[in-house]
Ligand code: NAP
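Quick heads-up: it's one chain on its own, the form predicted on its own, in C-alpha cells.
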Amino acid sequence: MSRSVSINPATGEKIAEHERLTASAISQKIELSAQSFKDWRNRSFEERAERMHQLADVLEAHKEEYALLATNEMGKIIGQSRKEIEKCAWVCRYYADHAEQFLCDEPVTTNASKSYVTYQPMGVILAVMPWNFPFYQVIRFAAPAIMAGNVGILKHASNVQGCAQVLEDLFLEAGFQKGILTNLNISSDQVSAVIEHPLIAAVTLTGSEAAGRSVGALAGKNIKKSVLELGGSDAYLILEDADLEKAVDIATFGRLQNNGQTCIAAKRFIVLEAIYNDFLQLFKEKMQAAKMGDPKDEQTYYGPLARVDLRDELHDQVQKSMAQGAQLLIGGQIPEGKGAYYPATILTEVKPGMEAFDNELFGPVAAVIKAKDEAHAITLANQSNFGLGAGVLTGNKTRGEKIALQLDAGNCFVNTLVASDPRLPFGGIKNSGYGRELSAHGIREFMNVKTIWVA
C-alpha cells in the first residue's frame, strides 16, 4: 500500500508516514458522507451553530498543538501558525452566527399567490486543498459549506496529512457526527475518480493554475459545480505620495509572510519613477534585515519553503528571469545546509514577458517594476493573466480607491495588504479562478438556489 510522507522542511527530517486509501476504502467513506448528509441537511441552524461554536472552542483549546503541527509540516513560522488557528476559530464563529441570515428565504413579488427563492444544500462537496495554510484553507471552505447543510470530503496536500487527519478528528471532538468532514489520504492521480463518483455533488479547489484547469475540466465534463481559487501575481502600486517607510514595511511583510507562499502575497511592486530609487534602497535594507531561520524561533521573520523541490523550482524561475534581463539586487542563491530555505530576493528591471512578471513566484522573491506615471502603473498591473489581488499604497485614500476600481482583480486593498475576511467575498478572475469563498456570496456557492411558485 502506498504512503504519503511528511517532511520537516526546516530540517529535512521525516515526521511521519500516512497510508493512502484503497479504491474500496474511498468509496466506503464517500458513501458514509452521503448517509450523513441525509441527516445533517435536516438539522436546524441552531443545532449546526452549536456544533460550529464548539469547533471554534476546540481549535482555541488546541491552538499551540495545531500551530506546532503546521509549522513542522510546512515550515510556517510559529507566530503565524498561531494566528492561522485563531482565524479558523473566527470563521467558524462568524458562520455559526450568520449562516441562517445568509440563507433565509427571499420573497419575490410576482403574479403568483406566493413565490420565493430558497437555498438548499447540494450534498457531498469535495475540497482539494493546498499545504500553505493547512488549517485555514480547509476551514474557509468547511465552515460555510457545513453550516449550510452540506458535508465535506477533504483531499489535502500529501505533505500535510498530519494536519488533514487532525481536521477530521477535531470535527468529531466538537460533536459533529462521523462523515460531516472526512479526510481522504489519496494521491493526485486518484482525484479524478472521486470527482466522477456519483455521490459527489460539487468540487472546490485551491491550488495552482494547472491543477485548477484539470479539476475544472473534469467537473465540467461530469456536469458538477466547481469553485476554483488559483494562483496570483498580485501587483502593488506604490505612488509618489505614499508614506515611504510604511510602504516598505507593508512590502516587506507582504512578500515574506508565510515564507512568501501566499496566493494573495504582494509579488509585483510597481513603483512610480519619482520615488523608485528611494523605495528600492529602503526595501533592500528591510529585506536584508529580515531574519531567515528556524520557524519555531519566535525571532524568525521567515522560514523555509514547504519542500525542497518547490525551493528549487523558485530558484529556476529567478535564474530564468535573470537570463531574460532582470537584475539581481539581493539574494538569489540557495544557501548551504539542510532544509528548503531560500533567501529574501529582489529582482529589478523586471518587464512584461519575463518569468518574474508573467508568472507566480511562490516564495520570498520580489519583482520591482518602474512605472512612468499612474496610468502606466495601472497598465502594468493589469498586464497579467492573473487577477486575484492588488494593492495601492498612497497618501490620498480617494486617489487610491479610484485606482483600485480600475485594477483587474477580485480583491483590491488600499494602504494595507490584501487579506481574506469572512465578512467579504474572496476569489479571483482570469487565470486566478472563478467563484467566491466567504461572506454571503461564498456560502451560497454550493446551494441549490431554488424557485418556489405557488399559483
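When you see a residue number, it is the position in the sequence shown, counting from 1. All values reported here derive from a predicted model rather than from experimental measurement.
Although it is not shown, the form predicted together with the named molecule is what the next lines describe.
Heavy atoms within 4.5 Å of the named molecule in the predicted complex: which of the stretches 343 to 351, 79 to 87, 156 to 164, 323 to 331 has them?
Result of the contact check: 156 to 164.
With the named molecule left out of view, which of Q137, N183, T71, N150 would have a heavy atom within 4.5 Å of it in the predicted complex?
The option sitting close enough to the partner is Q137.
Sort through I403, L59, L393, L388 and report the residue having a heavy atom within 4.5 Å of the named molecule in the predicted complex.
Only one listed residue qualifies here, and that residue is L388.
Does the 4.5 Å heavy atom contact test between Q257 and the named molecule in the predicted complex come out positive?
No.
Heavy atom to heavy atom, is G207 within 4.5 Å of the named molecule in the predicted complex?
The answer is yes: G207 has a heavy atom within 4.5 Å of the named molecule.
Do G231 and the named molecule come within 4.5 Å of each other in the predicted complex, heavy atoms counted?
The answer is yes: G231 has a heavy atom within 4.5 Å of the named molecule.
Answer with yes or no whether F279 is in contact with the named molecule in the predicted complex, where contact means some heavy atom within 4.5 Å.
Because no heavy atom of F279 falls inside 4.5 Å of the named molecule in the predicted complex, the answer is no.
Between 209 to 226 and the named molecule in the predicted complex, list the residues on our side with a heavy atom within 4.5 Å.
The stretch 209 to 226, when checked against the named molecule in the predicted complex, contributes A211, S214, V215 at the 4.5 Å heavy-atom cut-off.
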